[in-house]
Ligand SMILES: C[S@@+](CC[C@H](N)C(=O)[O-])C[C@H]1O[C@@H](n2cnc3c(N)ncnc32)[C@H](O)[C@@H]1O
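Quick setup: one chain, the form predicted on its own, written in structure tokens, and binding and motion questions come after.
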């Protein structure tokens, strides 16, 4: 079964034999791929709307996976029970929405829980929510799909709450990476915030925070 580069990057981070949840599953391609490759025990696939779940049902039936998949309507993680899954993927949603899921779901705070998050925008909000709720980021991957770069975040709960700066939230663990995609992603951030800094310098507004971000990003690329 084929997965695009973005979803394949998520799949590669899934632990062997886990009880997997796919939030916002749409066509259920990710859980179907994982089951067909014997990576997970079973999958719970949820979406907010009936339409995507119909698509998911078609995929599950096509590959005869009905006995290993539970499909359900759920607003984020609200339709899940504590202990039901220990591996959760949220891919293709905004970073602020993913942050809301983290902050509003107490049962995620379990040391057996693994979160694989692929925010489409505002990844800094996702990182802030993780650090502010006792999670640590063990790995970040940047993948290119159709000439667009995507960040995939792998996180576990350890109960240690970490205060971070805006620059830390933007960069996360990407400063540890040496691959070309990560460098390209950081360069794009540097360009964006350099333009923002130059614009602010022409006004009476405080630009000290943006200046720090630019310096930290430049340091990552040295």
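Quantities reported herein were computed from a predicted structural model and do not represent experimental measurements. Numbering follows the first chain given and starts at 1.
Below, we turn to the form predicted in complex with this ligand, even though it does not appear here.
A residue is said to contact a partner when one of its heavy atoms sits within 4.5 Å of a partner heavy atom; residue 101 meets this definition for this ligand in the predicted bound form.
Proximity of residue 173 to this ligand in the predicted bound form: non-hydrogen atoms within 4.5 Å are absent; the residue sits far from the partner. Within 4.5 Å of some heavy atom of this ligand in the predicted bound form lies at least one heavy atom of residue 7.
Within this chain, residue 143 is remote from the site of this ligand in the predicted bound form, having no heavy atom within 4.5 Å. Among the residues 93, 71, 137, 113, the one placing a heavy atom within 4.5 Å of this ligand in the predicted bound form is 93. Of the candidate stretches 123 to 131, 147 to 155, 85 to 93, 103 to 111, only 85 to 93 contains residues with a heavy atom within 4.5 Å of this ligand in the predicted bound form. Contacts of stretch 39 to 59 with this ligand in the predicted bound form, defined by any heavy atom lying within 4.5 Å, are made by 47, 48, 49, 52, listed in sequence order.
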